[in-house]
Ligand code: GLN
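First, one chain by itself in structure tokens, the form predicted alone.
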């Protein structure tokens, strides 16, 4: 980006921003530039190209430049925009919790395709983070109630803000919970869902800066080759789920067989499902 931009069109700003981010090694430079510019101009990305020769104000260019420089430092786009779109829901997003991934939307879709719209049960989200999964489920299942559990006070505070923004404070409760120390014997659930830490430490070390520097490592990395937290959650699901209750999990690259083995003693109807990249990533099972 030029230091003293004058009479720059929208298209020129897109091109200059994209080239700057490309040189900084940002994976999707043009897409990220479009998101930043559309956010500052309060337009949809497509609208940026409807009048490409419009001259941007110096105030707008200054804001865009500052955000592009931040992105060039590999600060996640969602943190710069302070929001993330998850399953069509705009949620607040910052360093307090893991950025919700588009892949996890598929886990929500898989659950909703197996649960009737009339579902009136209790949903537990183990490791609620920003609240994305539980909010998406409760907005779709209007008679359901939810409990979001997390060991992080920061994550719980972010989830609370998102729950209030979505008008779900009467249907979703939050509770601090450490699944390594606590149990769920006091709670009867109809559905437990979790996207727990499942990365091996080697995967963490090789991650992009956006993940390694800005996502909380405790939300991503697990012991026992990434399976320790998954194994614990399967055990908690066996404690808390009612008969025929559903357990839905997201897991890592090397875990499909381990997941099936761990589920087999207490769960039936075990499904191992693929994400949009055709990689085995999700498991859904019913309590025997």
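All of these numbers come straight from a predicted model, not from anything done at the bench. Positions refer to the first chain, counted from 1.
Keep in mind that the form predicted in complex with this ligand is missing from the display, and what follows is about it.
Participant: May I ask you to choose, among 258, 41, 219, 238, the residue with a heavy atom within 4.5 Å of this ligand in the model of the complex?
Facilitator: Only one option qualifies, and that one is 219.
Participant: Though this ligand is not shown, can you say which of 174, 87, 199, 75 has a heavy atom within 4.5 Å of it in the model of the complex?
Facilitator: Looking at 174, 87, 199, 75 one by one, just 199 meets the 4.5 Å heavy-atom criterion.
Participant: Identify whether this ligand in the model of the complex is within 4.5 Å of every residue in the set 190, 272 and 287, based on non-hydrogen atoms.
Facilitator: Not a single residue of the candidate spot has a heavy atom within 4.5 Å of this ligand in the model of the complex.
Participant: Taking any heavy atom pair closer than or equal to 4.5 Å as contact, tell me whether residue 32 reaches this ligand in the model of the complex.
Facilitator: No.
Participant: Residue 115 near this ligand in the model of the complex, any heavy atom under 4.5 Å?
Facilitator: The answer is no: residue 115 has no heavy atom within 4.5 Å of this ligand.
Participant: With the partner left out of view, is residue 211 within 4.5 angstroms of this ligand in the model of the complex by any non-hydrogen atom?
Facilitator: Contact with this ligand, yes.
Participant: Using heavy atoms and a 4.5 Å limit, would one call residue 195 a contact residue for this ligand in the model of the complex?
Facilitator: Answer yes; at least one heavy atom of residue 195 falls within 4.5 Å of this ligand in the model of the complex.
Participant: Pick from 159 to 167, 87 to 95, 211 to 219, 129 to 137: which stretch has non-hydrogen atoms within 4.5 Å of this ligand in the model of the complex?
Facilitator: Contact-bearing stretch, as computed: 211 to 219.
Participant: Quick one: name the residues from 35 to 61 with any non-hydrogen atom within 4.5 angstroms of this ligand in the model of the complex.
Facilitator: Contacting residues: none.
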